[in-house]
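Quick heads-up: it's one chain on its own, the form predicted alone, in structure tokens.
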């Protein structure tokens, strides 16, 4: 298949999916190697990255997703009559940070770190699709484990958790080892 047709097929896959699609899955669907698929996705993302364009292709972990340009969020919200979501509370931000840096984690772990009950906050973050269940611990009661979602990455404008800032203790340890 020629390159323009492949790019068109990738564009159609991303548009139809609505969610992030892995490079591996696109390569398999189009019967091309992973490196070629990755390069074509990168080129396509660059092509969509125009100053005032309405659509973006963003990388999320090992996948890509087609989404609207944040510059046009107000217009999209008005046209689709979408209510603006309330900003996250300080408690929600703290829970997200604990989970993002330590995932997968149990509710008990988050509560131990924060020192307060986090049931309602975690439920709210799951409802907002910023956290998701990631299985269960092999302990009595088999508590749920939680991790961040692709929506969390998208909201933060990052493509993977490795782009999160380092914690101060990690920075100090690395400086001590280097010094």
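Residue numbers count along the first chain shown, from 1. Small disclaimer: the values here were computed from a predicted structure and weren't measured.
Below, we refer to the form predicted together with a further copy of the same chain, which is not included among the displayed structures.
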### Message
Within 4.5 Å, heavy atoms only: does residue 23 come near a further copy of the same chain in the predicted bound form?
### Response
no
### Query
Though only this chain appears here, would residue 29 touch a further copy of the same chain in the predicted bound form if you measure heavy atom gaps against 4.5 Å?
yes
### Task
Verify the contact flag for residue 146: yes if a non-hydrogen atom of it lies within 4.5 Å of a non-hydrogen atom of a further copy of the same chain in the predicted bound form, no if not.
yes
### Message
With the partner left out here, check for me: in the predicted bound form, does some heavy atom of residue 67 sit within 4.5 Å of a further copy of the same chain?
### Response
yes
### Query
What residues, if any, in 37-58 have a non-hydrogen atom within 4.5 angstroms of a further copy of the same chain in the predicted bound form?
48, 51, 52, 53, 54, 55
